[in-house]
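Taking the form predicted alone, here's one chain by itself in C-alpha cells.
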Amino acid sequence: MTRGVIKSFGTGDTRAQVLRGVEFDAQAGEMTFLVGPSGCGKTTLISILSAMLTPDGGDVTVFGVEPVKLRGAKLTDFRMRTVGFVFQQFNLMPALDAAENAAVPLIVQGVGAGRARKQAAALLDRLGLGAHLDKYPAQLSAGQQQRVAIARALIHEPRLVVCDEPTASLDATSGRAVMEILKSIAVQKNRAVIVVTHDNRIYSFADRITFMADGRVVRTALPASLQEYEVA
C-alpha cells in the first residue's frame, strides 16, 4: 500500500519528519495491526492511507487507486465510499439515536432516510443492539457506543476499514467483545482492516502485526511468532 512514504509537519526550525520512508502493506481478507510507541507515526500513516492527509513523497495505493492523484469531488467520493472509520472516542452524534448514527454514511451517499435506517437496524441487530435502536449515545454503555461506531464504519461496505485505538476507552471484557465483532463481521475477503493499537491484550485477533518506531516500519510478524511478553 505504501512505498517510501515520507511526511513532515511544521516549518523552519520547528519542522519535524514524522514518516521516514514507510513501507507498509495490508492485505484484503486480513486484520493488520499497526503498533508502536506514541509519536512513531501510526496515526499519520493511517490518515494518509485514508486520504485525510497527503504525503510529502512516496507512493500510496489503495485497491488500485492512488489517492494523491484525486482532487475535489473524486477525492471526497473516494473517502466516502472506500473508507470506514472506527475511533477511540466513538464520535457519535449526541442528537441522533443509534440507528440514525449508524445510517449517516448511507444518507451522505444519497440513500433515503427510511431505507438507510432499515439497513442500519439490520446491521445493529447483528451486532447485538437490536433492542437499542432508538437509544441515544448518552443512554448506551461505552461498549455499546463502540458497536454503533463499528456499524457506522461498515454500513456502506467500504473496502478499507481503519480503526484508531478501538479498545482504548473500553474495559478488557468490552474490548474483547468489540474485537470479536470486528474479526467476525468487518474482515471480508475483499476488505482490508487496519487497527492502530497500544493494547497488547488484543494482539491475538490480528492476522499480522506491523511494528513502527521513529517514523519507520521495523518489522511485521504473525501473532503466534511473538514472545509471550509481547502478547500478554
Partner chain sequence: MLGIALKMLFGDPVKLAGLLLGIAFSTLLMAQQGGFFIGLISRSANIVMEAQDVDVWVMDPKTETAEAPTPMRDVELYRVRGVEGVASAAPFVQATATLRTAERRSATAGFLGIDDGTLLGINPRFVVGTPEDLRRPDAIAIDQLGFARLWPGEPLKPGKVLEVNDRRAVVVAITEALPGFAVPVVVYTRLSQALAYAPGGRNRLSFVLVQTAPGADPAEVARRISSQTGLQAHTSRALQRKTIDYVIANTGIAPSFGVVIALGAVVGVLVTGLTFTLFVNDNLRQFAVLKAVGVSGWRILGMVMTQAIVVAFIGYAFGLWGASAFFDAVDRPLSDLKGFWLPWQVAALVAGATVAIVLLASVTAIRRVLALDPAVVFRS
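If you're wondering where the values come from, they're calculated on a predicted model, not measured in any experiment. Positions refer to the first chain, counted from 1.
The same protein also has a form predicted in complex with the partner chain, omitted here; what follows describes it.
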Although the partner isn't part of this model, could you tell me whether residue 46 comes within 4.5 Å of the partner chain in the model of the complex, counting any heavy atom of the residue? yes
Hey, in the model of the complex, is residue 91 touching the partner chain, heavy atoms inside 4.5 Å? yes
Any non-hydrogen atom of residue 50 within 4.5 angstroms of the partner chain in the model of the complex: yes
Does the partner chain get within 4.5 angstroms of any non-hydrogen atom of residue 95 in the model of the complex? yes
Within 4.5 Å of the partner chain in the model of the complex - does that hold for a heavy atom of every one of 76, 104 and 108? yes
Using a 4.5 Å heavy atom cut-off, which of 22-30, 61-69, 159-167, 173-181 contacts the partner chain in the model of the complex? 159-167
